[in-house]
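Below you'll find only one chain, the form predicted alone, shown as structure tokens.
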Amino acid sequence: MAHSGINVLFEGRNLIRLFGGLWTTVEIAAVALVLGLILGVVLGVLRTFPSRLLRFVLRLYLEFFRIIPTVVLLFLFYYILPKQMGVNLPANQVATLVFALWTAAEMSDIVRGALISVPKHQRESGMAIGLSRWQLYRYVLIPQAVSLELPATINLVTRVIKTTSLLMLISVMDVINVGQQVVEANNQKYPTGVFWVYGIIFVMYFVIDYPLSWWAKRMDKKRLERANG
């Protein structure tokens, strides 16, 4: 068992490095989600306004981030735009920016869908008692839309976390990148270590994502039961 593959995890600081990479992954995802969700709510509300020009511009923004693969966006913001604009940002900041903008685009569509799903009579009742547009959104539409959009929002969060596996492509020291370095450095001594390294990375992602996915499904099920009940 001297060279058992599992020992690669306890060689030197390998396990600590993996958890450090996981922290980098979670930190980037968390900051991007906070910024993206806030911006997405604002953009989603704006997309329900009557202005055709505003809706058209925001629709283009959504389609840009929806159609272009995330890996292309990372390369665009990390390698191409800095050279063209003369601005150099650390890889972690570029990753946070890209994921925040992508999250905002997707969240705007979730919020818009939830807002237009609020029963029409609720909007008419608010207008009938003299609420302004902002009061209507604040006290009537947004509170009711929250329960409608929450399952989809949680699913978006899990997608963002899983997609952080692409961060190694722009040299971010995330858990995938650290894992790759551990495997390469110990490949000769622990030929089967790759299975244990990527196995524990799988467990890390599973522990983070599965509870969120389960929660989203449970909430969606309860919402359907209330609607049918």
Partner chain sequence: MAKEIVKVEHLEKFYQKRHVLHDINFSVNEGEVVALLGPSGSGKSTLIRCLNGLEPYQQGEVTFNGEKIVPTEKNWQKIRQKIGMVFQSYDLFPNLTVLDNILLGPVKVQHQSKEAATASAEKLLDQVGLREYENAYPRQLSGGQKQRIAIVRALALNPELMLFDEVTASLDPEMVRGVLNIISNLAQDSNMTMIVVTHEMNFAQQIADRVLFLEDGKILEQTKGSQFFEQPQTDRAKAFLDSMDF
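For clarity, every value in this text was computed on a predicted model and none was experimentally measured. Positions refer to the first chain, counted from 1.
Beyond the structure shown, there is the form predicted together with the partner chain, which is absent from this document and is the topic of what follows.
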Non-hydrogen atom contact R226 with the partner chain in the predicted bound form at 4.5 angstroms: yes
Any chance S132 has a heavy atom within 4.5 Å of the partner chain in the predicted bound form? yes
State yes or no: in the predicted bound form, is some non-hydrogen atom of G126 no more than 4.5 angstroms from a non-hydrogen atom of the partner chain? yes
Can you tell me whether Q122 touches the partner chain? I mean in the predicted bound form, with a 4.5 angstroms heavy atom cut-off. yes
When the partner chain is considered in the predicted bound form, the residues of 138-167 having a heavy atom within 4.5 Å of it are Y139, V140, P143, Q144
